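Next comes just one chain, in structure tokens: the form predicted alone.
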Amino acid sequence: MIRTKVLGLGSYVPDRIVKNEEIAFLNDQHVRQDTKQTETDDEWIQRRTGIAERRYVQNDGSVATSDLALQAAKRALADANLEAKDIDCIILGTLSPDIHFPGTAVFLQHKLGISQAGCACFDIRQQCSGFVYGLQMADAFIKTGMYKRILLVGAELHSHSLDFTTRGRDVMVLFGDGAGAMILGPMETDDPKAGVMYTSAHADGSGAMSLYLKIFQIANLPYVDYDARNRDENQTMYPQMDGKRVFLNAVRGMVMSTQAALEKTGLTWDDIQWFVPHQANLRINEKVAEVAKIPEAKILNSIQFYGNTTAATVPLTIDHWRQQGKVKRGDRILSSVFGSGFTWGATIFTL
């Protein structure tokens, strides 16, 4: 039987660390000012989100999402002992593409130096659920024999599109820049618990306008139909969120998908080494753990260090703790995610 195996893992975050104390003083060019630009502080942010710091790229236009994806992809390839030319499919999840179209995966393909190889490139736009959605796609592709070496990447460059004012603080303080990548391939085994054991993906479009960015709304012609200098008009260029509704639905979706993953596979927490939730808000993850009765010692979080990196959070968190020596090859991981859309899902796999 053909099953999907994780061949390699890698992640990348920019060098610049932006702590909570500093973020209140940053302008929209990420330059520290003498006076506060946003009414917030470390205590306010940590109490609501659990975040202490995040990473930003330099704000000079020289770095794109595909550049972050490239660094994570290179590290995953090295971990798998493969070269870029071995990849026959790229699946890239992001809500912050290099440009509106074409998709960011083709830019990543070109930067990897494999444009002439003609490998398939997919962009998926499931935001914070992008990694699990992408893993489900990759698992299906590999099991059917369509592709042999798939590069799955979640990459986000959030810092360029945040509202660095008190008006935007509820969203602005959450997000950071980063990328995570996996290399996936086939293995022949009769062990039903080997490799990628389970994936599920779901959506509820009634929640679409609870977390959104409208700047490319088709009803607006031209698309940029506001004065960027007018604060009453320019709000459409920034992400908007109904925080309470997102929180409640995130807990519900992640708990349900986690419980369903265990029920449908017949596993218990004794069979799982690590639970890796999407890193949207530490308070969400704590509530999910409480309701789903997840052993505290098995939970991995990285939002304290990186903020919410959307499609990148799951592989970034796993790789962070692997670098710390906590996560090891052969560990079985259960991950659940929730994102705008609403979208959610879960997966169980062996690293």
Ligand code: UT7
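Counting begins at 1, following the sequence as shown. On a predicted model such as this, the values are computed, not experimentally measured, just so you know.
As for the form predicted in complex with this ligand, it is not shown, yet the points below apply to it.
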(request) Considering only heavy atoms, tell me if Cys128 and this ligand come within 4.5 Å of each other in the predicted complex. (result) yes
(message) Just checking whether Arg229 would be counted as a contact of this ligand in the predicted complex - the rule being heavy atoms within 4.5 angstroms.
(response) no
(request) Would you check, heavy atoms only and a 4.5 Å threshold, whether Arg252 touches this ligand in the predicted complex? (result) no
(request) Answer for Glu39 alone: is it within 4.5 Å of this ligand in the predicted complex, judged on heavy atom distances? (result) yes
(request) State yes only if every one of Gly8, Ala80 and Glu83 has a non-hydrogen atom within 4.5 Å of this ligand in the predicted complex; otherwise state no. (result) no
(message) Given a 4.5 Å cut-off on heavy atoms, tell me which of 103 to 111, 267 to 275, 118 to 126, 169 to 177 is the interface stretch with this ligand in the predicted complex.
(response) 169 to 177
(message) So this ligand isn't shown here. In the predicted complex, which residue out of Leu300, Ile284, Leu70, Val57 has a non-hydrogen atom within 4.5 Å of it?
(response) Ile284
(request) Sort through Ile87, Ala280, Ala261, Ile91 and report the residue having a heavy atom within 4.5 Å of this ligand in the predicted complex. (result) Ala280
